[in-house]
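Shown next as structure tokens: one chain only, the form predicted on its own.
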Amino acid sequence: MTEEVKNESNEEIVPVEQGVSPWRDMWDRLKQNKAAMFGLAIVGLLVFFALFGKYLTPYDPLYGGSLKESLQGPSRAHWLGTDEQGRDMLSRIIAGAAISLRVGLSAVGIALSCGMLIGAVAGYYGGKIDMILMRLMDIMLAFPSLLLAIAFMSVLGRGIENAIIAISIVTIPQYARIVRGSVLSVKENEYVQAARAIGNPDWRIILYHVIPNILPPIIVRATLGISIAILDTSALGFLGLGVQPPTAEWGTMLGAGRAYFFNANHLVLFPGLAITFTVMAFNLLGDGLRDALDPRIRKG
């Protein structure tokens, strides 16, 4: 069922569909964004590789290969060539999708959980609590995130688990500030005051009345945050501080391949393209979600 509504200029009739959920409306608008759907397709392909990559890799990505076959260019036997140890590059890039998504999703999940807690408490209570928490976040934001991640890695040590912890810690302030700003904009709304008036405890108001109404900007930031986490993971791997060999991780592969750039540039080209397309896909999807979740953007 639709209802015709006139716009302010009284020049056009805009059909407004009744009874459609906000998420269905968001999906309908997202489908109209070709760039976002392209990004979603690449993300879907990465998820497919992450889930079923071990059944798709033609060779063992960790130990398969021979030194006799090292540094070979793309061929029918090895579509993307081989690395310095004769391992198939296609198999290693497919295996690297699981590592990148694991780090990206885990780091964003940890940072988002902590950032939502800090931001919600600071925004809801205000006063000294807000000042103390936000000044701590400002101190962390004063340092470049990658430099801070390197500092944490020097303390925690190398490895994928420590990389997840380091990246999640340095991105907590970003989520905390977004959540705080959103909480400040909704905490004085009538439905929050009504919930407070009937005696709901603060934790219940925050959990059931505040957070569900500030999800759109958080979803967008988390989607973009995955691309940043993957990029930071690759940077740490490139510097030798992140995921360690023989694990197939794109940044680590870039770091190992730079020594052979002039005589086997495929060792740098294909991992670099994998990082580029993955980061681009999440950025395109995040931009599309931002537009689709913005209630001010309506298409008649």
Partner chain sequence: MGKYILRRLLYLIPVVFGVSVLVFTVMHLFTSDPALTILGQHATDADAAALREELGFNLPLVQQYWNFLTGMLHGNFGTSLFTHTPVFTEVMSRFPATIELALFAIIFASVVGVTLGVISAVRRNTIFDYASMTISLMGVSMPIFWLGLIMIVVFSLKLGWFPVSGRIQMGYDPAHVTGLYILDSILTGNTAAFKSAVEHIILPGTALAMYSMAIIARMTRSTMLETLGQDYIRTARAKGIEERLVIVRHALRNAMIPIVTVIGLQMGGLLGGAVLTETVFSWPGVGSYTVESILKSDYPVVQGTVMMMSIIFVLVNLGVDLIYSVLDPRIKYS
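Quick caveat: nothing in here was measured; it's all calculated off a predicted structure. Positions refer to the first chain, counted from 1.
This next part talks about the form predicted together with its partner chain, which is not shown.
- Not one of G53, T57 and I165 is positioned with any heavy atom within 4.5 Å of its partner chain in the predicted bound form.
- Among heavy atoms of Y63, none comes within 4.5 Å of its partner chain in the predicted bound form.
- Under a 4.5 angstroms non-hydrogen atom cutoff, its partner chain in the predicted bound form has N265 among its neighbouring residues.
- Interface membership of W27, defined by any non-hydrogen atom within 4.5 Å of its partner chain in the predicted bound form, is ruled out.
- For K128, no non-hydrogen atom is located within 4.5 Å of its partner chain in the predicted bound form, even though that partner is not displayed.
- Though its partner chain is absent from this view, in the predicted bound form it lies within 4.5 Å of a heavy atom of just one residue from L207, A151, I132, L184, which is A151.
- Applying a 4.5 Å heavy atom cutoff to its partner chain in the predicted bound form picks out R135, D138, I139, M140, L141, A142, F143 from 128-143, in order along the sequence.
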